[in-house]
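We begin with a single chain expressed as C-alpha cells, specifically the form predicted alone.
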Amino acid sequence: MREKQLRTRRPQSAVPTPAAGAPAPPPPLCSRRLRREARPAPCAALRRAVSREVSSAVRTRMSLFGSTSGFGTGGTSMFGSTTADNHNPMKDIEVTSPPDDSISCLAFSPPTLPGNFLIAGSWANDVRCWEVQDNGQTIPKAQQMHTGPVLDGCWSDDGSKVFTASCDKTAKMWDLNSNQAIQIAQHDAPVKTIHWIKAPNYSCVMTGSWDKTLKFWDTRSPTPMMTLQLPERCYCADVVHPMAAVATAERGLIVYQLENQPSEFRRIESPLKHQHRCVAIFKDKVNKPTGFALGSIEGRVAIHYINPPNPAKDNFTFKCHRSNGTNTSAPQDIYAVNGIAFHPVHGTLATVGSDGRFSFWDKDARTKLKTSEQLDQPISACCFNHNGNIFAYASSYDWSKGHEFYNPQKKNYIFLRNAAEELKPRNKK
C-alpha cells in the first residue's frame, strides 16, 4: 500500500449495552453531525437484557506466531470459505469463545509471564482469559464476573493478577493462581479506567471514575491511599511509570507524575475540539515516557509531547477513521477513534475505529503504514502483546449509531494478527 502523507496542523485550543441497573455508556457518537457530549443517562430505556447462546468457535492452527505447523491444519478453517462474509476480511485468527456482548477492553500478559495470555472485558459483566499458543490456537482458561459491565482491565507487573473496573462501581483483583477475585476499590459511580502502578517505593492500583475522582489503592486496604479530584468524569487514561495521562468529559486533560507519590503535573488545553475517547502514552528512544496520543469521537488523533523543543512543530493532529480517505471534496462520514496502542518495539501505533477498520501509523515520519479492509461492525478495542508480534483487536458494536442499530444476534469477535512486519517504520529514502 502506498504511503500517504498525514495532513498535519498546529494544535488548536479549543457504549455498548448496560446490564440491568447499570448506567448507560457515554452518548452515541454521530457519524456526520457530532452531538454535544451528555452525562451518562439511565440505561433501561436504551436496551433490554439479551441472553445468547455461546457459539462455539473454530480452533484453527496457523503458523503465525513462530510455529512451523501448516496453515489450516487440525480442522475446518472458516477463513477459506467462499461465502459472502465480511466479519473477518483480513483473514486473521479468531479467538475461541469470545464474549457474549460488546467487548470493552483487551490486554496481553506482561513479559514476566512465560507465553502469551489475553484478557477481555465485556458488557456481559465478565472478564475472560485465554492462552495464546505460538501456532495461533487460543485456549479459554478461566473467567470472572462483576455485577455490571466490565469497562477496563489490566495486569500486575508479575502477571499473577488481573485488575478489572466495572459499571457496578467497584474494581476487583483476580488472582489467577487461585482463580479467586476480590473487591479492592469502590467509587460512587461506574469505574471507567484501571491501571497497575509499580514504582520503586510503592505499588498500587489507579482507578478513574465517572464520580470525578482518581483514586489510588493498596490492594490490602479497603480505603484508598489517595484521592485526587478530577474536573469532570474520567473517560480514558494510561500509565507508563512515572507518568499518567487522564482525559475527562468536557475535553479535560491532565498529566500526573508518579514519583514518590502521585501528584498533578500539568493541565493541558485539549488539542482536539470534540469528546475525548482514548489515550495512550508513548516513549522516547531511551524508553522513557515522553508524550501521548489522544483520540476523539471526530475521527482525529493528536500527538502531544510533554516537553517538546518546538511545540508548534512537534505537536500535531491527523485525521483518521473517515470515509473517502483524504478526499475532502466529497462528503465524509466521520467515526470515533475507539482505541490507540503503541508497538512496544518500533514505537509505531495502531488506531481502531467505529468505521470497522484498524490503521497502522508512523508518528515520527507522519505517514500511514497500513489500513485494514472494513469489518462488518466497529472495532471497539485493541492491544499488542509484550514483544509486539501479536496485534489483538475486538469486533463488536460500540453503540456509535444508537440503540436502533443494535443487533442482539450479531456475534462478537476477537482477532489476532501477526504484527511483526507491518508495524516496522519504512526506510527513509
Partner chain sequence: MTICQFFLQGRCRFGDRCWNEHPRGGGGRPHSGPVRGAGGGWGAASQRYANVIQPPIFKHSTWGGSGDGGGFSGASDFGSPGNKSAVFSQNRFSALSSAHPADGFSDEEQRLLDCVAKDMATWESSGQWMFSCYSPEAGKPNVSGFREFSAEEVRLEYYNCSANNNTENYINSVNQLVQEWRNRLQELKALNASGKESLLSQLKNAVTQPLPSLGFGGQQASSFGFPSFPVSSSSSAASFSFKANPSVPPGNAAAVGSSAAASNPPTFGVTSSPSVPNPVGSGNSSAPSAASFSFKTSGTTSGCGTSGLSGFGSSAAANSSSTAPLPVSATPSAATGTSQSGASSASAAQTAGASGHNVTSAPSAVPNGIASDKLYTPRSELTAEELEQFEAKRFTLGKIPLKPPPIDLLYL
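Note that the structure is a prediction, hence the values are computed from the model and not measured. Positions refer to the first chain, counted from 1.
Here the subject shifts to the form predicted in complex with the partner chain, a form of this protein not shown in this document.
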Of these, 178-186, 91-99, 198-206, 296-304, which stretch puts a heavy atom within 4.5 angstroms of the partner chain in the predicted complex? 296-304
Heavy atom to heavy atom, is residue 357 within 4.5 Å of the partner chain in the predicted complex? no
Is there a non-hydrogen atom of residue 314 within 4.5 angstroms of a non-hydrogen atom of the partner chain in the predicted complex? no
Any non-hydrogen atom of residue 86 within 4.5 angstroms of the partner chain in the predicted complex: no
Please run the contact check for residue 218 against the partner chain in the predicted complex: heavy atoms, 4.5 angstroms, yes or no? no
When you measure heavy atoms, are 123, 151 and 273 every one within 4.5 angstroms of the partner chain in the predicted complex? yes
Of 291, 190, 136, 262, which one comes within 4.5 Å of the partner chain in the predicted complex, counting heavy atoms only? 190
Let me know the one among 223, 324, 112, 229 whose heavy atoms come within 4.5 Å of the partner chain in the predicted complex, would you? 229
Which residues within 389-409 place at least one heavy atom within 4.5 Å of the partner chain in the predicted complex? 397, 398, 399, 400, 401, 403, 406
